[in-house]
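Okay, so we've got the same protein chain twice, two forms, each given alone as structure tokens, structure 1 and structure 2.
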Structure 1
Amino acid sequence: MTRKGFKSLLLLLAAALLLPLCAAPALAALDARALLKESESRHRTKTQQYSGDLTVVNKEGKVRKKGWNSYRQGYAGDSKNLIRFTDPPEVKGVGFLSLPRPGSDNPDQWLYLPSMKRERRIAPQDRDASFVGTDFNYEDMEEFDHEKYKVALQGEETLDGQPCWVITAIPLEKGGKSIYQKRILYLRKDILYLVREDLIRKGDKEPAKRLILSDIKNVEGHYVAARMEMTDLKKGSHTTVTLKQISFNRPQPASRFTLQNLTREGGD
């Protein structure tokens, strides 16, 4: 065998040995992507509205509550959102409007403060800032868009008696720099619904926060978690969101997602 032929044989052997190692993650990534795509297509709705109760319990056990009404039209990156706080009295009437802007990852956002009697345009928030004093930050409030992540199927696990797919998602940093290094998603196998998410901050090895989605109901043919709990594993605090009077695909009036409506006191 010539030296050239020997080299070719070595390359072939190496390729034969390495191919399965390379193919395995590629296949896993493909499966994870397919699962997430299927999950999104199953649970995508045109509109959603609900009234929500939010309870923050800090590490000393002190409880804070807020209530609001939420309206959404569209899904993930193209959604319009209106939130109107109803409780406690100090924030009653405060409104938040978010509208997608074509060609931009950041939506246009406005806040209406009844005390000022006018709407205020707000700059894109620091994604690590707490959302209205809760354990959710602004990045947590964004709907998960798997296309902005490198995903891989890590395995399977059973949570509360439900078999789940475990998927790792690493931000591609497309559409804004993430504060997380990795997310670990738990997708219920039977309905492909996200039931848990572990959030690992950059520079950390262990999850800093954990989101549990429970009380899953079928409302008007759509699965929805009526309870979401975010626990800050380092601070020891947790925030629970309860969704009530949930409805999907109800036609939303075009005037709902307007600045004129945002400034209507006493309105939706």
Structure 2
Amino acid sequence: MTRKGFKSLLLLLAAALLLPLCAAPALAALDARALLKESESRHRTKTQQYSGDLTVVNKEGKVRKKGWNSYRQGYAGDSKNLIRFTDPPEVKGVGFLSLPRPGSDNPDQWLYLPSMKRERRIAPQDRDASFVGTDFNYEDMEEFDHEKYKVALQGEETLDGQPCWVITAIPLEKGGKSIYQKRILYLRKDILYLVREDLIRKGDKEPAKRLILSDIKNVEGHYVAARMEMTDLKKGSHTTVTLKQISFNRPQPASRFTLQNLTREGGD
């Protein structure tokens, strides 16, 4: 090796040795809030709509299936959501509407039952009630808004071969009433997408429920989990939602997210 070549080799070795030292501060600088903000920035869309199949399996193995259409406008803390069940006949027309409430950190939520021909407002004390016989409750139907939580980076873990950031989220008092004392979030490192959430109720040490998001697809340039499964770890039941015909950023009529539309026969 020439003298010039030997000098170049020394420079490469020095660079390789110094690289981890340079990268360490960048890794240390990562914090949970920054990761969640970046995740929201990447995955925020103006609107989302899809049709879905919902399957509930209780601890005895009994299966119940439902179909629904879902519409969302906004994202996280400012989102408006409408769900309308389409089948079977006994639930067809049942609707659910969630709207941000001015002056409050908890949204306004209503359930419409065609058999009663009127909407029912979901009271704060009912946030833990089952949503239409599923393993989701009414609080679970809200979109996660990290601004309502004290968050911390707990560590790293690999799920299904995918390295993930593990973040704890504890509800802030000013963030509104919550039935949970802590959420543990798993964000895929490569795309910063939520793939698992463990939900710990107040007074408990272990998660009461676990949400798994899978079958992640890129639709119209946006990542989306086409399959979501909520498991009640105490009851032994689980509810699976499969998303179909997903689309983003389609204009939504202003009248869609209103009580008048919720209670309208054949409204969507």
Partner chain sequence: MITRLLILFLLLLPCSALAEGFSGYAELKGFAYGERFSGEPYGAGWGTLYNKWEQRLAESQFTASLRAEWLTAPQTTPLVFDPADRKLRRPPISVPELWLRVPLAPSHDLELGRFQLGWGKTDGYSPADAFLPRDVTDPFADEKLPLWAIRLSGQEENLRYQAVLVPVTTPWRLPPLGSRNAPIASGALPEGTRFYEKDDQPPLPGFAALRLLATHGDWDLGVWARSGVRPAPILEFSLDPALQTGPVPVISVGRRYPREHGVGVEVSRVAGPYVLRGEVAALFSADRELGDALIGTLSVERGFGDGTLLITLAGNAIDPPVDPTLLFDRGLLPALIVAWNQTEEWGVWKLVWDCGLTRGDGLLKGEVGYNVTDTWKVTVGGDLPYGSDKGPLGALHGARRLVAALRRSW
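Note that the structure is predicted; figures quoted are calculated from it, not measured. For residue numbers, the reference is structure 1: its sequence is counted from 1. Only the largest set of C-alpha atoms that superpose within 1.5 Å between the two forms is called the rigid core.
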Margin query: If I had to pick the form predicted alone out of these two, would it be 1 or 2?
Written below: 2
Margin query: How about Q109 - superposed on the rigid core, does its CA move between the two structures by 2 Å or more?
Written below: yes
Item checked: Displaced residue check between the two structures: N249, CA, 2 Å or over, core reference -> no
Margin query: Given a superposition on the rigid core, I'd like a yes or no on whether E119 shifts its C-alpha by 2 Å or more between the two structures.
Written below: yes
Check: In Å, how large is the C-alpha displacement of F96 between the two structures after the rigid core is aligned?
Finding: 3.1
Notebook entry, point to check: How much does the C-alpha of Q260 move between the two structures, in Å, when the core is lined up?
Noted result: 5.0
